[in-house]
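A single chain, nothing else alongside it, follows as structure tokens in the form predicted on its own.
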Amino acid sequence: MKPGAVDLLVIGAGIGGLGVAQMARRYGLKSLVLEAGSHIGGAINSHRFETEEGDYWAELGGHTCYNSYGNLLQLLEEAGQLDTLVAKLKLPYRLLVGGNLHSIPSQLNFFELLGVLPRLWVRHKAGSSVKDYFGGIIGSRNYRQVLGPALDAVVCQPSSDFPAESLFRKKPRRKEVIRSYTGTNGLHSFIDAIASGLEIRTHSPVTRIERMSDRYLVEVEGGEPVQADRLVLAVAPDIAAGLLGTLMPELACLLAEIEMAEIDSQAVLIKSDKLKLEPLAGIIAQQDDFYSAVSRDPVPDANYRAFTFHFKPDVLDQAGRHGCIARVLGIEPADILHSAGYRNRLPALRLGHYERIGLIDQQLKGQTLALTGNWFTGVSIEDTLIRSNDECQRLCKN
């Protein structure tokens, strides 16, 4: 039987892959999205706990969206979903120090902060690590005890060696949109909206990619091969390297140099009356077995509260994680009504990353092959979609 043919084949159904497939529709291209597993959304993963009052969601992965996420908002606007955004309350983060929760300002050494503004003018992000840049501005003690742990919490891994320019990239805001928001069923509501109208095949791991005269031939485990005029790999760099090893070995070598980190995420559901803890956005661990805990409190519920702890990998088993969560929240392990775990993978960016991305883009120049994901300009949802938009335009306009 002759293999099926599509205008654009996307491998990977995370936000980057779904986004580029939906963006390609603006150019009249029909896409097929292949996902190796059963879950679409990648690092966006809104788990639903069943309760007597109905489903209650908590984020097991990405959890933040702002009105500066222009590509995401455009996709939601095209899907008719802008009026469904749910505003998130502005709540504080707390820093866990020696077993107690403190406000972040209370842990800063204000003597070290003297002269911050002048230092902002003389320090440059480009070519600097997170530790060198931010530590040089805020002071070594403040960095070690406050800002360093906070930045570790942002990327859910040690952040000191990250390129400073990969964090807090300024983006224009849509002021008519609420500043911080989520969906009616968490961020996965946005995945459902963006996936609408796309052809997506789950449980379809790609085993081999071959270049024909004017098309790609993609072999799928347990299914028929697919022919495609254009191809997008929206997967982690190590997976992309494996798929391109024969087709483009030099590109595959560059991709293989990009490191990945693993995080054990554990979400727990607790009855509200079991917690004395004030409502908060999350908890930053100064030194513990987890990087951060993200709360559902910004979207409050009268009966339940949920927290997702992002643990360092392979340190604690589930019982150990539950014990840690109970200790931090001031409850008993038996107070945890339900629990859900997921292992997330995130890029571990290092100095020299942008030079490597430049070499990768040189390899892609003039090709009908594209790469997208959260490992190009930054790890946020919008950073991923910026890359997807750039690659979509390159593919569709050529």
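Because the structure is a prediction, the values reported are computed rather than measured. Each residue number is its position in the shown sequence, starting from 1.
Here the subject shifts to the form predicted in complex with a small molecule, a form of this protein not shown in this document.
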From the list Leu34, Ala370, Leu329, Ala58, which entry has a heavy atom within 4.5 Å of the small molecule in the model of the complex?
Leu34
Just give me the single entry in Leu244, Leu73, Val206, Ile137 that has a non-hydrogen atom within 4.5 angstroms of the small molecule in the model of the complex.
Val206
With a cut-off of 4.5 Å between heavy atoms, is Cys156 one of the residues that contacts the small molecule in the model of the complex?
yes
Is Ala13 a contact residue for the small molecule in the model of the complex, using a 4.5 Å heavy atom cut-off?
yes
Could you confirm whether His310 comes within 4.5 Å of the small molecule in the model of the complex, counting heavy atoms only?
yes
Should Thr64 be counted as a contact of the small molecule in the model of the complex, where contact means heavy atoms within 4.5 Å?
yes
Looking in the model of the complex, is the small molecule within 4.5 Å of a heavy atom from each of Val97, Gly148 and Ile283?
no
Heavy atoms within 4.5 Å of the small molecule in the model of the complex: which stretch among 354 to 362, 330 to 338, 42 to 50, 22 to 30?
42 to 50
